[in-house]
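To begin, one chain is listed below as structure tokens, in the form predicted alone.
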Amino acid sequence: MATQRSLPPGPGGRWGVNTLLAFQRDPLTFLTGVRRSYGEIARIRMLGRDVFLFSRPEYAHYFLVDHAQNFTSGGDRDVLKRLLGEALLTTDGEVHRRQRRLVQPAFHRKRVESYAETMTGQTQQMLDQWSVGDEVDLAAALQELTLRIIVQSLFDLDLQTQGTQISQLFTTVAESNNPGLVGSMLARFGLGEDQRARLARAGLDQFVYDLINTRRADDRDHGDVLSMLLAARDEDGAEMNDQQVRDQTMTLIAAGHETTSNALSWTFYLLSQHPDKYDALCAEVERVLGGRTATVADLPQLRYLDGVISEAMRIYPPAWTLNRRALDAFELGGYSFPAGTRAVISQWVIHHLPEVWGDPEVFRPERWTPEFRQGLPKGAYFPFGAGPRICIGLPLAEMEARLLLATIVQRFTPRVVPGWPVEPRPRVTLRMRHGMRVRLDRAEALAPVARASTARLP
């Protein structure tokens, strides 16, 4: 047997107070710096506790796929439970598998494809309210749009008047939660939320419970996910109570709109910084669609558009870090780790490794050829996770992002307002700290000037 080494190197000292402060100031720069300074496995000390950053693609595959059964969802769960309760994103083991089987029918391929008209229809409604020359917060508009889409698709409800309010409530809650280990520790002590966030969470609860009560009183099968949840029975034949239905409903609404809106926001940001890429995208959309509404059948022909979104989610992954906790002792990379070890696997770090991507800071959608995808190491690209806990809504999110992008660029060209500060804010997802103010120009390729990238990644 190979000799196992002592604990890996890393920052933190005895208590790791300064390490905690550095992480809170800038989590993305901190994790990137740890990997650069201490290598592929690093020990990070925070408030007297150790976490370990694993930063090779094969390590991500080890935790998320090959040995997923030996790890629970770790610190992610503690932060999310505050909003989502006991649901798909916050449970492990057999409970998680049972809940996943329960909601899986809503994400079967045929069902997901049936949502396409809702996606493009809701997008057209948003665009009908815009005019050339307007300035809008595109990040906020996309969040409200994806919220409206998920609620209508899965719960047969059109948020004609409540969309903005509900979207703002989700933003307030999401912005209040600290990420990773910090958020986990604060959540366990009931800390980390201010009064505004608690009121926003109460407002979201009221919205979901009203939806449940209305549907129970209706007593009619709407053929949607909420009807499916209300009709579900456990092994003993008992139905789900309102709290259980609420937890699953809140989870599907929150997860179903947050990651897609973030992915699209960063996509438009990168396109606005790279006029030549925007030109190529618009040319393909015009060639394939010729001005008509995109359908699911068109997506295989929109190959460059697919590369644009894949590349944007590489550079700005909607989920930027994952946490796992070991159920049993394990050995990896020449080290032995005891049960209870906290592991951090960061999409942000692995998606920016020069040894994997060559030019990781460069926005290059054309890299995403079928041959390139096949040649990527396992665990190198996982914007929505991987393995048995991969995002259940992945097919929906991928289809939605592509349909929405194709629809918007046919009507408008969003350009970031000069001087607007666009920078990431890592919370549970990778949000935009200040939103993104854009000016709406005519739907045409950006003028062929300033071809060099002006995007600056932190």
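In case it trips you up, residue 1 is the first one in the sequence shown, and so on. Every value quoted in this text rests on a predicted model; they were computed, and no experiment measured them.
Same protein, other form: the form predicted in complex with ligand HEM, not shown, and the subject of what follows.
Colleague: On the criterion of a non-hydrogen atom at 4.5 angstroms or closer, are M313, P318 and I392 all touching ligand HEM in the predicted complex?
Modeller: Per the other structure, all of M313, P318 and I392 touch ligand HEM.
Colleague: Could you work out which of L31, L430, V409, L396 is the residue within 4.5 angstroms of ligand HEM in the predicted complex, going by heavy atoms?
Modeller: None of the others qualify; the residue that does is L396.
Colleague: Sort through F337, F384, W357, W368 and report the residue having a heavy atom within 4.5 Å of ligand HEM in the predicted complex.
Modeller: Of F337, F384, W357, W368, the residue with a heavy atom within 4.5 Å of ligand HEM in the predicted complex is F384.
Colleague: Answer for V285 alone: is it within 4.5 Å of ligand HEM in the predicted complex, judged on heavy atom distances?
Modeller: Contact check for V285: no, nothing within 4.5 Å of ligand HEM in the predicted complex.
Colleague: Indicate whether R148 is a 4.5 Å heavy atom neighbour of ligand HEM in the predicted complex.
Modeller: Heavy-atom contact with ligand HEM at 4.5 Å: absent for R148.
Colleague: Is there a heavy atom of G379 lying 4.5 Å or less from a heavy atom of ligand HEM in the predicted complex?
Modeller: No.
Colleague: Hey, in the predicted complex, does T341 get a heavy atom within 4.5 angstroms of ligand HEM?
Modeller: Residue-level check for T341: no, no contact with ligand HEM.
Colleague: Within 4.5 Å, heavy atoms only, one stretch in 292 to 300, 250 to 258, 273 to 281, 165 to 173 touches ligand HEM in the predicted complex. Which?
Modeller: Careful reading of the contacts points to 250 to 258.
Colleague: Any residue of 321 to 337 with a heavy atom within 4.5 Å of ligand HEM in the predicted complex counts; write them all down in order.
Modeller: Those in contact are L322, R324.
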